[in-house]
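This document starts with one chain, in the form predicted on its own, laid out as structure tokens.
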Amino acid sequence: MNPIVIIGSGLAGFNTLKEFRKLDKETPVVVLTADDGRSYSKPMLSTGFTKQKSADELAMANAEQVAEQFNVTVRTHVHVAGIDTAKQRVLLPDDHLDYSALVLALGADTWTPPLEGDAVGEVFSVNDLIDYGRFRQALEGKKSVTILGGGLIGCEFANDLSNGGFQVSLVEPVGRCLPMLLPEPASAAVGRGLEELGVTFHFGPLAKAVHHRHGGPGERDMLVTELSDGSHIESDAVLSAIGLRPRIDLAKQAGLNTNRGILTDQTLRTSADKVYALGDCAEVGGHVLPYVLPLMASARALAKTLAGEVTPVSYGVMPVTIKTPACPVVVCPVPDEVEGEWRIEENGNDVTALFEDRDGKLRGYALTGEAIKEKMKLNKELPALMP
């Protein structure tokens, strides 16, 4: 019998495996991963400096331990060359692997802005445990970091690095924190919380270039980030946290239907028979949700389908907790197609922002500071995202 093949060993791939093994202990499973196959929780990558954890300390298990615990074959550092959906075959550079079902848990790529300068190759992004390890090593003995991007990842790292003792400068062209997720008063609260930690904001300009500045005798070499308004920021390191793009190239080349992500129906099936997708790479019923709750719901549903009980995933209320303890945030993003307006109450950094549609019904919220305690009550008022 051909195995179930899972491409990707991040949260999506690993949780699908874990949930499947609760239902089926014996069907052969092969995990193909481009990295070293360690099991870890990606959300923990932006808490590592606060907790003073190395990459090894954030890992929960290595590939050998995963293989033994879940009765699975884990093949590390594998480059998948292609997928032949007609033959139900994964193509490897010098080999192939036939599958009974294929799970694409490919994740997303970080997006780096088009920068100039002789230090562009030294701009970091942190998208997995190996990236985190490299970034942490590079900051040994260093004091300052410039972060490009004030969205979820940028703000979480600004908080985490500040807690770790670094001086943080953050560049955000839109002009406020978390501009895609929060209304302005909630953004302002997060900004104040991070400023109290010592974060310096550069709102408005874009980063244009990153250059080396070689220090004189007794001085450290620095990186200089040049902004579009002509100003410059000196720091020991630069971290790009602009955003993520679903990894869809492998699926496109295999002829699968893609849009922003790999298109699936509610059972997570792609346009090819026996091929499924979930997590950051997938667009499920029109939704691209690079967050933990929808990923876990998808893993549980797909595990049942792989075990023989076809199960559509349902997305209930999907709040997102943003790890900025300087000003805690919980947001339930408003669906793209919903029109309406924000109703906002604020008391210092405690902001309750409720988004009501044209009929006055609650369709999303953003809570900061002490207002996050309202989350459970509000969740009961919201409709399911995808029943």
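Position 1 is the first residue in the sequence shown; the rest follow in order. Quick caveat: nothing in here was measured; it's all calculated off a predicted structure.
One more form of this protein should be noted, the form predicted together with a small molecule, which is absent from this view; the next part is about it.
- Figure note: of the listed segments 348 to 356, 63 to 71, 26 to 34, 329 to 337, the one touching the small molecule in the model of the complex, with heavy atoms no more than 4.5 Å away, is 26 to 34.
- A residue is said to contact a partner when one of its heavy atoms sits within 4.5 Å of a partner heavy atom; Y40 meets this definition for the small molecule in the model of the complex.
- Heavy atoms of A189 never reach within 4.5 Å of the small molecule in the model of the complex, leaving it off the interface.
- None of the heavy atoms of Y315 is located within 4.5 Å of the small molecule in the model of the complex.
- In the model of the complex, the small molecule lies within 4.5 Å of some heavy atom of K323.
- Using a 4.5 Å cut-off to the small molecule in the model of the complex, each of E156, R247 and Y291 places a heavy atom inside that distance.
- Taking a 4.5 Å heavy atom cutoff to the small molecule in the model of the complex, the contact residue among L256, L206, A307, A108 is A108.
- The partner is absent here, but in the model of the complex a heavy atom of V78, alone among V78, L263, L197, A101, sits within 4.5 Å of the small molecule.
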